[in-house]
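In structure tokens, one chain follows: the form predicted on its own.
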């Protein structure tokens, strides 16, 4: 049976609150440092155009059932035509993003700056937490959890008799690291919020061919089955109004 612990208020004052405040301040400082290190360069017009085409094609797929079948077919042909469709990319025109990175030194430098602004603060902060706050039970979740959350919430504590709802100081660091996006959105703005998970996804997805997004959107648009959702909507609206009047 799991034991209940009585947490000392000194742990709250000297571990939980300082760790949370430091994580917020480091996130804000990292945002301004990365903003200063960011080089001012105009985006590639072709990349911006391809991104806008993909967004417009997705909007067409999302609202396809609200336009007549003839209008949908004409719009789909405009995007996915094999000769001059906007989503059609000839085989010889596909770009290699890695070759583009090596040809543009500014792109490689920006990528290195982003990686450094993420890796160095995380490494130093984790070393600080591991040295000063390792082994503390910092908080308790106010609702019961299953045993699967033990490895996530009790990192650094090897006590199977402790209830799963207790959170170690090292796990509290990781929870703040990946869970402060909402707070950063309020402080820095939605578009400028520092999100480590998003940056990791960008790092793992670096090197992907941007033309593949056009091809994937073209395939999705080609296999879409159109079913007009508003047949005889005027008659149906009139019938509803007549029922309301009666």
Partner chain sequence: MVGASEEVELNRLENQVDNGGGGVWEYLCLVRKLKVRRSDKVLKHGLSILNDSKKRSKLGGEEWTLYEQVAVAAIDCQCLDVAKDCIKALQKQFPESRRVGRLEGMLLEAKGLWADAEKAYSSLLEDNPLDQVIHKRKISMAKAQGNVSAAIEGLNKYLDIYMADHDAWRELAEIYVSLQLYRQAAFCYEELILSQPTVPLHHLAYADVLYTLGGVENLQIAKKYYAATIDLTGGKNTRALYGICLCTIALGQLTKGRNKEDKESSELHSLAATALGKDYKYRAPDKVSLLTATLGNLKLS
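Numbering follows the first chain given and starts at 1. Definition used throughout: the rigid core is the maximal C-alpha set that superposes within 1.5 Å between two forms. What you are looking at is a predicted structure, and each value in this text was computed from that prediction instead of being measured.
This protein has a second form, the form predicted together with the partner chain, left out of what is shown; the following refers to that one.
I need the one stretch from 173 to 181, 47 to 55, 26 to 34, 217 to 225 whose residues put non-hydrogen atoms within 4.5 angstroms of the partner chain in the model of the complex. That would be 47 to 55.
Just checking whether residue 5 would be counted as a contact of the partner chain in the model of the complex - the rule being heavy atoms within 4.5 angstroms. No, no contact at 4.5 Å.
Given that the partner is absent here, does residue 185 sit within 4.5 Å of the partner chain in the model of the complex, heavy atoms only? Looking in the model of the complex, residue contacts with the partner chain do not include residue 185, since no heavy atom lies within 4.5 Å.
Can residue 75 be called a contact residue for the partner chain in the model of the complex at 4.5 Å between heavy atoms? Yes, residue 75 is a contact residue.
With heavy atoms only and a cut-off of 4.5 Å, decide whether residue 86 touches the partner chain in the model of the complex. Yes, residue 86 is a contact residue.
Any residue of 221 to 246 with a heavy atom within 4.5 Å of the partner chain in the model of the complex counts; write them all down in order. Result: 228, 230, 231, 233, 234, 236, 237, 238, 240, 241, 242, 244, 245, 246.
When you overlay the rigid core, is the Cα of residue 179 off by 2 Å or more between this form and the one not shown? Stays below the 2 Å threshold, so no.
Taking the rigid core as the frame, does residue 21 move its C-alpha by 2 Å or more between this form and the one not shown? False for residue 21: its C-alpha shift is below 2 Å.
For residue 9, does the CA position differ by 2 Å or more between this form and the one not shown when the superposition is done on the rigid core? Result for residue 9: no, shift under 2 Å.
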